[in-house]
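Below, in structure tokens: the form predicted alone, a single chain.
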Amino acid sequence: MNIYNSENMQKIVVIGGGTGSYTLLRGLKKYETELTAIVSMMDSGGSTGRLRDEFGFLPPGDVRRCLLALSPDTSSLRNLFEYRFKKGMGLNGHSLGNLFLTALRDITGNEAKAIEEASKLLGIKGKVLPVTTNHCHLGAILENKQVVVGETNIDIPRHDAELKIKKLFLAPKPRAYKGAVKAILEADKIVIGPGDLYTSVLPNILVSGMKQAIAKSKAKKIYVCNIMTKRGETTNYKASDFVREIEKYLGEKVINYVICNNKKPAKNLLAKYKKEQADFVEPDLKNTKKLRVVKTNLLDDIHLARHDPDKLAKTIIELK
């Protein structure tokens, strides 16, 4: 339901990638908002990683997910972009959407242009922009000084998961895409997260020019905290730990709001996560002079402990 007319339409920028951005964008597109998704381009696994290795282009996976989130739910093209081959020499495991974006990149010679053409074809509501069009790789330095390179190597639960990530880096250092910086500076609200902290969210902030643009923007800056921890990345983290890490890279006093889910998933659902050594993120934050904390039931716990897109979008829309 649209509750805002065009005269007071909110310009909302969502920064992240993966399932978190997909969920949030699906909720926000139901409102009369001007949406822009700024997407991480660091993926190195699965179909998108194979295409990156074979063609030398930036990985299309997270972009595809955001395009699908903003496309009409009834579109047959949407279903085609979602289709994944389950057999075939060379095709097995590939998403048709990933292949399509790779082909468009080859035709247009530019990642941003390829995304723009795919956006027109899918008839999306809003824009999807790459955080950078420069090639780079994500790396992490663990607390024992071990270096892990590659988004997939960081993302997949490590055997030494008890070792915390002390620092992230991008090499070589990429520059922010100009369109992304422009969208941030013109936004009314900037939403960072939800999503895997070290592999979907923070990589965007590491791109040169992003931190500066977010700090300079007059928009309300909102961080959406995860519902569950992730082994090897955020083991035993509480909401305050997530915010600490965001502020370490973005700077203190930049975030205005933190949104936390305060409904603990049912015991039978939490039991499914025990094998993954994942647990509920305790919303331990309190309001301070610099930070407003919004704690509310955001849980969609039918199958997995994830954010409900409608609850989350409504909470963001109503922030004053």
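Start at 1 with the first residue shown and count on from there. Remember, predicted model here, so these are calculated numbers, not experimental data.
The same protein also has a form predicted together with a further copy of the same chain, omitted here; what follows describes it.
- Put simply, residue 162 is far from a further copy of the same chain in the predicted bound form: not one heavy atom of it is within 4.5 Å.
- In the predicted bound form, no heavy atom of residue 231 sits within 4.5 Å of a further copy of the same chain.
- Contact check for residue 87: a non-hydrogen atom falls within 4.5 Å of a further copy of the same chain in the predicted bound form.
- When a further copy of the same chain is considered in the predicted bound form, residue 104 lines it closely, a heavy atom lying within 4.5 Å.
- This chain is displayed without a further copy of the same chain, yet in the predicted bound form the stretch 74-82 from 197-205, 125-133, 143-151, 74-82 comes within 4.5 Å of it by heavy atoms.
- For the three marked residues, 260, 280 and 316, no heavy atom of any sits within 4.5 Å of a further copy of the same chain in the predicted bound form.
- When a further copy of the same chain is considered in the predicted bound form, only one residue from 112, 243, 250, 99 comes within 4.5 Å through any heavy atom, namely 99.
- This chain appears without its partner; in the predicted bound form, the one residue of 171, 215, 156, 91 with a heavy atom within 4.5 Å of a further copy of the same chain is 91.
- Scanning 44-77 for heavy atoms within 4.5 Å of a further copy of the same chain in the predicted bound form gives 51, 54, 55, 76, 77 in sequence order.
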